[in-house]
Structures are given as C-alpha cells and as structure tokens.
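Only one chain comes next, encoded as structure tokens, the form predicted alone.
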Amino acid sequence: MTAAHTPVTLAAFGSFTVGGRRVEVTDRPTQVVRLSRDLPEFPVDPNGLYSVGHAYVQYFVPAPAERRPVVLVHGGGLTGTCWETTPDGRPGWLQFLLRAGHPCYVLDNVERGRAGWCPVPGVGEDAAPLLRTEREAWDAFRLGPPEGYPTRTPFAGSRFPGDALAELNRQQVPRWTTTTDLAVAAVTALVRRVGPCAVVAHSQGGGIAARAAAGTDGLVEDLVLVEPHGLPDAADFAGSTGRQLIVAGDFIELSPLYRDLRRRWRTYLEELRTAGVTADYLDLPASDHPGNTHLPMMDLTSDTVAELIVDHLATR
C-alpha cells in the first residue's frame, strides 16, 4: 500500500440536509396502494406538508483536522459518489483531501442521490427527468470520439479506465434541467453553515458553486472549478479575496460540446483578474499531465491531479 492510499482515521462523520422549503398540498385525491403481498391495500392521502428542494450532505472530519474544510460539489447527472471511489475501485479525491487534514462535506444536490425529490405535480418537477445513456456519457465526458463508441475505442492517450465504463454508467442518476437555482441555494446554505472553506466543484456543479461563492460574502476562500460551465459574471466577484482555479483536461478541441469552453474559461479568468481577484488556470496536458477526460477525478491520473489540488489549497 502506497502512502497515498493509507487508511484515513476519522474523528467524526455524519450527515444533514441544507436548503429547500416546506410546501403544503391541498385538494388532491386519495390513492389506494399496496406495498407488498404481505400487506393489505390502504389509502394514501397526498394532502399535507412536504419538504422539497433540499440537498443531502455527508461530512467527514479527519484526525487530526489541520486544514480548512472543503465542500465537494458534483456535476450534472452525478452524485457525491464521484468523489469517493473511482469506477474501477481506486481511492477518490475525498480520501486525498481527508488524508491532507481537510474536513470534507460531500454534497448530493437537489433531486440527486439521497437528496430525494417530490413527485406531486405542481410541487416537484413537472417535466420528465433526464438520465444519461452510456453512449451520451461516452460523448459528454470525452472518453473517446463518437465513432469509437461501438468498439469502445477511446481517444489516443486517454487515461480513463475503459473497463469501468459500465460502472460509470451505473453512477448516472436522473436529473432535471430546471433546478439550477435550487441547487445554487443549497450550496449557498451549505457554505454558510460550514463557514470559511474551499470548494471543489465539477462541470455543471462548477457554475453552481461559483454562483454560490459570489453570494456568500467571501466565505469561499478557494474555489477550484474542474471544467466548469454556467459560470456567473466575473463582476459578481469584484472585491472578493477568494482565489479561483480552473482545472482543464485533454481532448477539449475534439469535443463539439466543450470546444468553446476553453475560450470562455480564459475570458472569465481574465475578467476576474481585472476585477482584482486572484485567478489561475491549470491546463493538465500543458503541465505534463496529458490524457485526462472531463472526469479527472476518475481517470487513471486521478491521484496526481488530486495531489496538485491539495498542494494548491496548501498555498493559502
């Protein structure tokens, strides 16, 4: 066992929910259901109070906890499991951060994973949820060219563990495209509960986390955005003392979905600097770490990228 994979000793762990609201439903018809053959049918009255729009958080406090807390925000169609263990069974970034002494707060954002969702029309999401196919994951996460999917042939030099593609597909969860504001509110509530912290966020979660950071009065001291999209205006951070770092992988120019994002990231960072914010760009292939997909926390180079992020956080 390498030093990077040694066990982590925890001083505490647990869970809680953040964000959301209470809603009362009235004037809905009663339904009759039967849960199993061992139970009789019984009426279910959908009228009453519901808790909706909240996120689930699991926290881990290492022993000793010598560094700032880190909030981990997953991307679209994923949950907090993306930080815990890679699809092929290696330690995830959560374990690296804990080993470095960071208490960690792992989010399942609104309607994902253990956050739950409300099926009552007019209260929960009325639109049908989306669930990625394996083919969509292949394209969206830049695992290989579109024509490579039938034979599972990745981009040349790709470091994603191809044998774990089916396990990655099992980690996809249904999600809605209309809950972004609720997700921002949940991350905002979490940051306010945690206090001064760093946030590491991926993809759609990067835009969500950045919007939350802009609205939490400097509580986010470090914002690490792994290939984010949906970023707010840089002007929203004017006067902020928090640092920002964008981490970018490989094969971006080969993906129609992400091709223009590199320009957006560089423009955003330049605008942040103009506003007086410390902002940096970690281009992994240009930094002698090629082969990373849109999922650097799962690639075979995930340990190396985790160490780069841990080292970055240690410089503040």
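Computed from a prediction, not measured in an experiment: that's the story for all the values here. Start at 1 and count along the sequence shown; that's the residue number.
Keep in mind the form predicted in complex with another copy of the chain is missing from the figure; the text below concerns it.
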- Message: I'd like to check something about Leu10: if you look in the predicted bound form, is any of its heavy atoms closer than or equal to 4.5 Å to a heavy atom of another copy of the chain?
- Response: yes
- Does at least one non-hydrogen atom of Pro46 fall within 4.5 angstroms of another copy of the chain in the predicted bound form? yes
- Message: Under a 4.5 Å heavy atom criterion, is Gln204 part of the interface with another copy of the chain in the predicted bound form?
- Response: yes
- Can Phe251 be called a contact residue for another copy of the chain in the predicted bound form at 4.5 Å between heavy atoms? no
- Exactly one of Gly144, Pro103, Gly113, Gly242 has a non-hydrogen atom within 4.5 Å of another copy of the chain in the predicted bound form; which residue is it? Gly113
- Task: Could you tell me which stretch in 154-162, 231-239, 181-189, 212-220 has residues with non-hydrogen atoms within 4.5 Å of another copy of the chain in the predicted bound form?
- Result: 231-239
- Query: Are Leu39, Thr81 and Trp176 jointly within 4.5 Å of another copy of the chain in the predicted bound form, each by at least one heavy atom?
  - Reply: yes
- Query: Taking heavy atoms and a 4.5 Å limit, what residues of 130-152 are near another copy of the chain in the predicted bound form?
  - Reply: Leu130, Leu131, Arg132, Thr133, Glu134, Glu136, Tyr149, Arg152
